[in-house]
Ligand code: LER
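A single chain, nothing else alongside it, follows as structure tokens in the form predicted on its own.
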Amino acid sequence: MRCSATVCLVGSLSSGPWIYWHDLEAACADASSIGLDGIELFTESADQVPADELRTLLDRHQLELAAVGTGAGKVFHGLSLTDPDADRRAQAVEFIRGMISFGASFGAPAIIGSMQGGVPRGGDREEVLAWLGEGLEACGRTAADLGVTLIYEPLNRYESNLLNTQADACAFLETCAAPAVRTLADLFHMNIEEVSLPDALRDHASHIGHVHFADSNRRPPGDGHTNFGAIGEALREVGYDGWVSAEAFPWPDPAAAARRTYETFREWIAER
């Protein structure tokens, strides 16, 4: 398992759960100095950061790109895979495909979180889920063609009315024809929705392709009441060998949050 931290370059998302903000070079330098293995990047678009510039920074600081987020497609353009307008759904797919292509040049997956959308008041849930399946299938084909996975994130009930648990998400993915799509096990969302975090990780290990690392209060791991010893035991038991990426508030500041993340990862999650 490898540990990374989120870096957000989207100004309008400044209140979100990101360890580092705005200054990509400073974030890379700090992450490397702490001992992190990589960064997870959230940008306004697929071309906000030139690929050669990012590759130079990653190489300089001996880091990898863990994943790229697609949330700006929702925040800036109001796009989602479940928009009632077919043209808008097509635009959402194209935005996500652009992010998939960007990430794939580094061997990194793209994450679909807020761009999944939701069921509007009075909407037909089955129809909306069919649209979600069509979007995931189209984006999954692009990911498969480029040799990467696509990560689908179940969100908690306060952020989404689609699929809230690992069981819901995995069952849905098994019914649609989306290739190369795995789930994201976000420990903050899971703390709200799952009966047992370790059991959910064990029960759905074959579908999990990425882990978001945050405590119960969405502060850095170790600053809430989540039992990371049990989580680490479950991840090691199922042989999870992917990224454990901190998507948490930069409390009390980015550098301290990153250090806390790495310390908790080394103490409870990493192979022993």
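Heads up: residue numbers just count along the shown sequence, starting at 1. Values in this document were obtained by computation on a predicted structure and should not be read as measured data. What we label the rigid core is the largest C-alpha set whose atoms superpose within 1.5 Å from one form to the other.
Absent from the display: the form predicted in complex with the named molecule. The rest refers to it.
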query = Taking the named molecule in the predicted complex as the reference, which of 155, 128, 108, 143 has a non-hydrogen atom within 4.5 Å?
reply = 155
query = Of these, 199, 94, 137, 159, which has a heavy atom no more than 4.5 Å from the named molecule in the predicted complex?
reply = 159
query = Should residue 194 be classed as touching the named molecule in the predicted complex when contacts are defined as heavy atoms within 4.5 Å?
reply = no
request  = Report yes if any heavy atom of residue 207 sits within 4.5 Å of a heavy atom of the named molecule in the predicted complex; otherwise report no.
outcome  = no
ask   = Does residue 219 make contact with the named molecule in the predicted complex, using a 4.5 Å heavy atom cut-off?
value = no
query = If we take heavy atoms and a 4.5 Å cut-off, which stretch out of 83 to 91, 182 to 190, 169 to 177, 99 to 107 is in contact with the named molecule in the predicted complex?
reply = 182 to 190
task = Let me know which residues along 241 to 261 have a heavy atom within 4.5 Å of the named molecule in the predicted complex, or say none if there are none.
result = 247
Rigid core superposed: residue 13 CA moves 2 Å or more between the shown form and the other one = yes
